[in-house]
Structure formats: structure tokens, C-alpha cells
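Encoded as C-alpha cells, the following chain is the form predicted on its own, with no partner shown.
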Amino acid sequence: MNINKIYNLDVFDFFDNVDNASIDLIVTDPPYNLKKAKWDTFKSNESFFNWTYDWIDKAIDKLKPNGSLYIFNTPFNSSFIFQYLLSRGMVFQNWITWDKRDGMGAAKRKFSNGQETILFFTKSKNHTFNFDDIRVPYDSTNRIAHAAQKGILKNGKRWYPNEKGKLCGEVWHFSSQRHKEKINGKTMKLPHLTPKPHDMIERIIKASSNKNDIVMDCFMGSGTTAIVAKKLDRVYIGCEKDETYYNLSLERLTNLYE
């Protein structure tokens, strides 16, 4: 299949036309079975997980021996996906918690939901991870400013902070995309129901791929993964079954090129 292209195909038809062991990084946000739309609705949990495991099998085959896989989902669904990935011999790296900063929930019989899970697995231990490219600011600015001048004594040695920031942890604080695209302070309805924040996808692609690597998203939605990959000088490929979202992704990519 051609690179730097999104295909208007079902995920299984798409995978049937992708060479095995050809993809460096898969970043994908599949259906969650939350019944938010027809594409997110399954007859039962069993049918949902059977379908999920089937596309995961295909995705694993497409990864290079040193490839990486990131899957978004709910914490509940991710607990099952996690076990399945282990059973397939994938190497667990991180259970990432996305703190969405998306306002307060309305739950009164349990703690309010405010997170999503990102599972990070690799095909081997010989994977790309550019830790220095995704450093984040230190929490204590005053203490770090002092340490930058005189250092902090640790185990008989003086420690000085890294000018790029601290190493990135497993809890990520990103506002949802709908809160990033407010108009006059008001949250607007976006063309896609569940777009992921560009800066969060950027962190993943920077960490787990290098320039000119092939980044795949097999549930492309509005094209965010492709757009970020292109901006970071990566190669993208993916598919989107829904024709409306497919056309939206092409429109957004066209605007980027222009």
C-alpha cells in the first residue's frame, strides 16, 4: 500500500493489504463499546472483545521486530486487552493514565471518571524510546532554580537538573481536544466525537519513532495521528471506515499541506 495515505477501508480489509513486519509504530484509538455512536456499539462485551482481539492479532503481525504499539481505551477494557497482549508475547512497557482535565463527572455512587488508559507494548526489548525528546518541566520551580546554580547533594555527589526537564512519567495531564478548541470561552461540538489532543499524540510519536519511520493508525478518525506524524517528519499510513470521518481527515491533511 502507498505511504502517506489514509484508506477508506474496514480495519481487516486494510490489514490484508499491509505487509507484515513493515510498521515502526502503531498509535490507535479504537472503539470503546460505550454506545456513543453506531461504530462504537457492539451486541455484547464478548463480541466487542473478540473483535478487538482479532484486529490486535493483525496489528502485531504488521509491526517490525523492534516496533511499538499504543492502544487507547477505558481502564476496564484495557485490563482485558492488557492480558491478551501478554498472551501474544508482547512486551509490556507502561500502563499510562491520561488525566483528561475535562471537568467534573456526575457519578454519585462511585468516584467520577476522568481518565483514559493508554497501553504501551513493544514487540521486543530492542525498541525505540527517545526519552530525552519528551522531558517535561520540573514540579518545584524554586528548588530547581536553586539546584541549577549550586546543585543538590545526593549520595555524596552534586545533582544538577537537566535543562530539558525531568523524565516523563506514566500519568499524563492533557486537556481534551474540545477544551483546546473553545470559541469565546465556550466548548464547541467537534466534527469527531473523540479526537485525541495533538500534543499527546506528539509525545507518543516523538518517544517511539524516529524521522522517516512509518507510523500507523488503523482507526484514523479525523486524521490526528497522520497530521502529527507529518509535522514530525514521519511517514503515516492508516484507515478509517466511516466515510464522513475519512473525508474530514483528508480535508485536514490538505489544509496542512497547503
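It should be emphasised that the depicted structure is a prediction, and the values quoted were computed from it without experimental measurement. One-based numbering along the sequence shown.
A second form of this protein, the form predicted together with a small molecule, is not displayed here; the remarks below concern that form.
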Candidate spot P195, F219 and C239, all three touching the small molecule in the predicted bound form (heavy atom, 4.5 Å) | yes
In the predicted bound form, N33 touching the small molecule (heavy atom, 4.5 Å) | no
Give a yes/no on whether T224 approaches the small molecule to within 4.5 Å in the predicted bound form, heavy atoms considered.
-> yes
Taking heavy atoms and a 4.5 Å cut-off, does D29 contact the small molecule in the predicted bound form?
-> yes
Any non-hydrogen atom of V235 within 4.5 angstroms of the small molecule in the predicted bound form | no
